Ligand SMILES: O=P(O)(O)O[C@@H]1C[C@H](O)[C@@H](CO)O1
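A lone chain, given as structure tokens: the form predicted on its own.
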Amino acid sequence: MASSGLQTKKRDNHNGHFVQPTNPNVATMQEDVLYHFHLSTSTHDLPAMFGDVKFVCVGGSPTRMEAFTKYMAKELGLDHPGAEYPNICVGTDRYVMFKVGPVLSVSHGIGIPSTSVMLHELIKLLYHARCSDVTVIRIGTSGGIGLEPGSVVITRQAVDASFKPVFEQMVLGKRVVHRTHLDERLAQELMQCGADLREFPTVLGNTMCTSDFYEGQGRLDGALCSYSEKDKQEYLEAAHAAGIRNIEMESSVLAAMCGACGLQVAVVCVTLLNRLEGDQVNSPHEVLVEYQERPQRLVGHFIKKRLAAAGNPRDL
């Protein structure tokens, strides 16, 4: 029988509340080594390094997250000739991390396992740094369902391959189920940012999170395929009817873990193709590069609006 997990923990982090892991053991640790970040509470002054962070943007690609940092530096007026943005996690090759003003940019790799490891250490980092009122946003790519390539999807709910808004994992040999509801107000705020920009289609819809890129997403072009094209088409059409507008591999664990720890969280992904029309991404490279910049532009606009509304200086 499945037991309920993180869904029992609901915290409000929007009124000056500090980031708080749900694990009570963290507070009693003499030293906390964030191994995959190559950071530690005994070797690094985490409050001094990260205490002003208000926005954490995460994405799969290290290169994309570095580019986002440089983009935000210009948007916040913090860029200058010769400016460098060093990788804070330079001591490891697992993830990259960059910081500019109140914005932290972190890669999470591909899929739920890699993202989960990163989130455990990210949430503990924000806790040790005594950060408050933090918003976490995933900016990434996805396969669209019934949308034109280049559309940006803001996730209402992260659902599994059965279209249920849950994230399941095995803990001590037992199946634990976590809720994956995202912040509706934040999603609407991001939708408004898309309307402000008026540069590309922006839609609000459910996102299906899978544990595989090929069979798990109903592709016909993997090394294995145990179904027909008709089976695939019926499945994707059923997903569309259930309100699902894109497919990716990280949203459910992000929603479950960040939500449990009181972090306001959202997912903003561009679609690289319409899966109802095919399986392979075949747009020209320059077109794909521009597509991948769209979530960055939308989230950058959101961050600037938030800072302006708070009456904070550009570097907080």
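Only a predicted model underlies this, so the values are computations on that prediction, with no experimental measurement involved. The first residue of the sequence shown is number 1, and the count goes up from there.
Another form, the form predicted in complex with the ligand, is not on view; read the next lines as being about it.
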Legend entry - Residue among 205, 140, 102, 218 with a heavy atom within 4.5 Å of the ligand in the predicted complex: 140
Inset, instruction - Counting non-hydrogen atoms within 4.5 angstroms of the ligand in the predicted complex, say which of 111, 243, 150, 146 makes the cut. - result: 111
Legend entry - Answer range among 66-74, 46-54, 249-257, 25-33 for contact with the ligand, defined in the predicted complex as heavy atoms within 4.5 Å: 249-257
Legend entry - is_contact(residue 213, the ligand) in the predicted complex, heavy atom dist at most 4.5 Å: yes
Inset, instruction - Indicate whether residue 59 is a 4.5 Å heavy atom neighbour of the ligand in the predicted complex. - result: yes
Legend entry - Residues in 112-130 close to the ligand in the predicted complex, defined by a heavy atom within 4.5 Å, in order: none
